[in-house]
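A single chain comes next, written as structure tokens; it is the form predicted on its own.
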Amino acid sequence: MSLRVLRPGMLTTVQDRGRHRMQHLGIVPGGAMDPVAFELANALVGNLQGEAALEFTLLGPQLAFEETVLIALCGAEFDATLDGQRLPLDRPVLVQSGTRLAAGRARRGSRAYLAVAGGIAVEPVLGSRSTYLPAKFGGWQGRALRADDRLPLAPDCAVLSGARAGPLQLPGGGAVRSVPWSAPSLTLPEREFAVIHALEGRHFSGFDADAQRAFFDATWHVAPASDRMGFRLLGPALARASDDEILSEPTCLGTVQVPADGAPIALMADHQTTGGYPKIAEIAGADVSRLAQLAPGAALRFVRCTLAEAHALRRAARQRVESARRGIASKYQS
């Protein structure tokens, strides 16, 4: 069973939760940029949390389903249709064999996840199916999708889809069979600028007073030259109090580094394992998914928080996800 790519979109890749606990070996974690939307997409089709899905970025692909499958598109709000009919977002949808999905531009947010019952069945590399573009491994041939690619689905995808669709009591007929309820939107921007919580970084004290104030007072914008490795931020240049060299050391998801030009870079899912730029801040883990949904040009403000506050934000965010997962699971048990 396979999923055929008619048009690949801007950047469509296979992703899962990534390759963790190998950074000391030089292997980056990678995985879904918005792990919350990724997790909910899998929950909506009854998958385990880590099954591989497709990550759409800004401009979605056109795909053809060669079997009847249960799918869900979750995350950014894309203009998407199934054989010309609007595709309901954040919901399980039973798609008939031969149906074509066309995803246009993202109206709000920048990344969405297409989950299929049973998952995208590409071969794992180092324990993960995620695509790591810089090293060209994982996912589908280590690259973004291209026209005429055929992605393997789970061998029992059609059987799983039918069995899981049963308790949902989907209406009959048509290319679009879905439910009246949807998963909550937990990571999309809701205001003029995103509020991102951040802790003072390891080298925060090495920046001059103006730079320290500017980091938390300025409105930043995501630069066009941003990618899965890092978001470059446009705003005031951040100067250090001295020009002494620092040793390279481990980096992590959400580290904000400042290179010599003074323009900060927020490290994202495909970040390097080590870096020698000074770290002005560390973004609270609870806000990384919301940051990942910002498109080029989007505005954000950093709000200072403590480690204890970051832990509390993470617990609250996790509780919201678990609540949504329980609500979805209850629909499959009815």
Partner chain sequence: MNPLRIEPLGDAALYAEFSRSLDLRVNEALQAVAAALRERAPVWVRDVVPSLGGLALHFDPEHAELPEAPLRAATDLLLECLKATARGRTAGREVEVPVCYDAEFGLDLGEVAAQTGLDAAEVVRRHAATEHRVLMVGFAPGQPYIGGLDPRLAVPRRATPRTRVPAGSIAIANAQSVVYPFEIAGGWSVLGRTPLRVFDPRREPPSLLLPGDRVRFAPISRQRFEALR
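This one's a predicted model, so the numbers in the text were calculated from it and none came from an experiment. Positions refer to the first chain, counted from 1.
Although it is not shown, the form predicted together with the partner chain is what the next lines describe.
Enquirer: Okay, which stretch from 211 to 219, 130 to 138, 110 to 118, 82 to 90 lines the partner chain in the predicted bound form, with non-hydrogen atoms inside 4.5 Å?
Expert: Residues of 130 to 138 come within 4.5 Å of the partner.
Enquirer: Decide whether residue 48 counts as a contact residue for the partner chain in the predicted bound form under a heavy atom distance cut-off of 4.5 Å.
Expert: Answer no; every heavy atom of residue 48 is more than 4.5 Å from the partner chain in the predicted bound form.
Enquirer: May I ask you to state whether residue 310 is within 4.5 Å of the partner chain in the predicted bound form, using heavy atom distances?
Expert: So residue 310 counts as contacting the partner chain.
Enquirer: Residue 97 near the partner chain in the predicted bound form, any heavy atom under 4.5 Å?
Expert: Outside the cut-off, so no.
Enquirer: My question is simply whether residue 290 lines the interface with the partner chain in the predicted bound form - judged by any non-hydrogen atom within 4.5 Å.
Expert: Output for residue 290 is no: heavy atoms all beyond 4.5 Å of the partner chain.
Enquirer: Which one, 241, 252, 237, 147, lies within 4.5 Å of the partner chain in the predicted bound form by heavy atoms?
Expert: Flagged contact: 252.
Enquirer: Counting non-hydrogen atoms within 4.5 angstroms of the partner chain in the predicted bound form, say which of 202, 143, 232, 164 makes the cut.
Expert: Checking each option against the partner chain in the predicted bound form, the one that comes within 4.5 Å is 202.
Enquirer: Let me know which residues along 59 to 75 have a heavy atom within 4.5 Å of the partner chain in the predicted bound form, or say none if there are none.
Expert: Nothing in this stretch is in contact.
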